[in-house]
Ligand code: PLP
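Single chain ahead, written as structure tokens, the form predicted alone.
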């Protein structure tokens, strides 16, 4: 099976596996315990926090370890729902992951406003600027890169606008981290990430918050993470997270992603040439080098393509793993203005650092063969 669903989850990389095994075999203590075994575990936890903070450019105390990005994202919306006035609004982009959108709607109801996006899948910065002159939300949430289209969002620009109006800014950087440089993310007020998107283990993530601010916990029952998130930290998976990120940051530093972007671009060009009627979503915008969201030729729904490619030996998806199996049009593509009859034909191909040029070529050949 040739894997093209890295945006859903990436296989655990050797560096992460080695870090996990090392901690699991040598450190059995609870990092909150006062004995030597607990102290050794706490030291690993502290070093991991320092490594992640250094990559992002923030203070180590800003980092809270979580079970993943879904928990982290819910922590943010829960916190602002608890601390904000009863009439406060939260602004979230219309293309956010369901764990941001749904939690915002759960906690804020009609006070959750959707920030529109352009037909190319870019958050409308002008809308934010214009609306901010009249009203201040308690939080603006815009992801760093979209999980379905791969379109990179103007999070730096939006953060600057929020700073000017003294409005907290939150970015879900799950798809961005491990594919693009982390530099600058730490300047944002709130940032979430998950290890399994870049080669770490499943079940571990983080939330970056301003460490000097008061934070309302989502989970109660312990004083771990400075009283901000109860529960014994999984030291082994946290060490694996930072080991994976460190390895990915080195690859990015060597510009290895640029060659992989070239392979992706060549695939897109040939796909459009060989399969008339195909459209690449967000093609004119900066995108993650690994992601291709395609509207397949007229007449075939997305699940038919996924099933056919699966039988041909390729693992692909229809978009977000949290909505897999649904024939309803993607909320991301709907927000971009694509009609349901068009959006329902979308398929996502997402490669990884391990994906080769030959595998891109094999996917292209399989698509051509299936269509014919």
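Remember, predicted model here, so these are calculated numbers, not experimental data. Residue numbers count along the first chain shown, from 1.
Same protein, other form: the form predicted together with pyridoxal-5'-phosphate (PLP), not shown, and the subject of what follows.
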(request) Let me know the one among 194, 151, 75, 209 whose heavy atoms come within 4.5 Å of pyridoxal-5'-phosphate (PLP) in the model of the complex, would you? (result) 194
(message) By the heavy atom within 4.5 Å rule, which residue out of 264, 97, 229, 248 makes contact with pyridoxal-5'-phosphate (PLP) in the model of the complex?
(response) 97
(request) Spell out, yes or no, whether the shortest heavy atom distance between residue 175 and pyridoxal-5'-phosphate (PLP) in the model of the complex is within 4.5 Å. (result) yes
(message) Taking pyridoxal-5'-phosphate (PLP) as it sits in the model of the complex, is residue 242 in contact with it (heavy atom to heavy atom, 4.5 Å or less)?
(response) no
(message) Although the partner isn't part of this model, could you tell me whether residue 139 comes within 4.5 Å of pyridoxal-5'-phosphate (PLP) in the model of the complex, counting any heavy atom of the residue?
(response) no
(request) Indicate whether pyridoxal-5'-phosphate (PLP) has at least one heavy atom within 4.5 Å of a heavy atom of residue 69 in the model of the complex. (result) yes
(message) So if I measure heavy atom distances to pyridoxal-5'-phosphate (PLP) in the model of the complex, which of the stretches 249-257, 196-204, 273-281, 215-223 falls within 4.5 Å?
(response) 196-204
(request) Indicate whether the candidate residues 7, 143 and 147 are all in contact with pyridoxal-5'-phosphate (PLP) in the model of the complex, with contact defined as any heavy atom within 4.5 Å. (result) yes
